[in-house]
Ligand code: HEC
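Shown below, as structure tokens, is a lone chain in the form predicted on its own; questions about how it binds or moves come after it.
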């Protein structure tokens, strides 16, 4: 009886971990979720530049420009300053992969 319960609990734990990895394990998705208010959860936000399907290199380049201050001192500059180059690349890749 205990073996069956232990086995069932173990299988449930494995299924939960696998599900969590599928949901959160997509590189850049969690980082890109910070952009949802303006750009939407999938890069198709209301009234702002659509990022979905845009070139990853172009998104990354724009983020770097915001980070450097070339685009002023607005909210995008503030957001970009909070990310490393690797994180910005993950964000750019995520939005580029959206249809």
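All values reported here derive from a predicted model rather than from experimental measurement. Residue numbers count along the first chain shown, from 1.
Although it is not shown, the form predicted together with the named molecule is what the next lines describe.
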| property | result |
| --- | --- |
| Residue 68: touches the named molecule in the model of the complex, heavy atom cutoff 4.5 angstroms | no |
| In the model of the complex, residue 76 touching the named molecule (heavy atom, 4.5 Å) | yes |
| Interface membership of residue 38, the named molecule in the model of the complex, 4.5 Å heavy atom rule | yes |
| Contact of residue 26 with the named molecule in the model of the complex (heavy atom, 4.5 Å) | no |
| In the model of the complex: members of 77 to 99 within 4.5 Å of the named molecule, any heavy atom | 79, 83, 91, 95 |
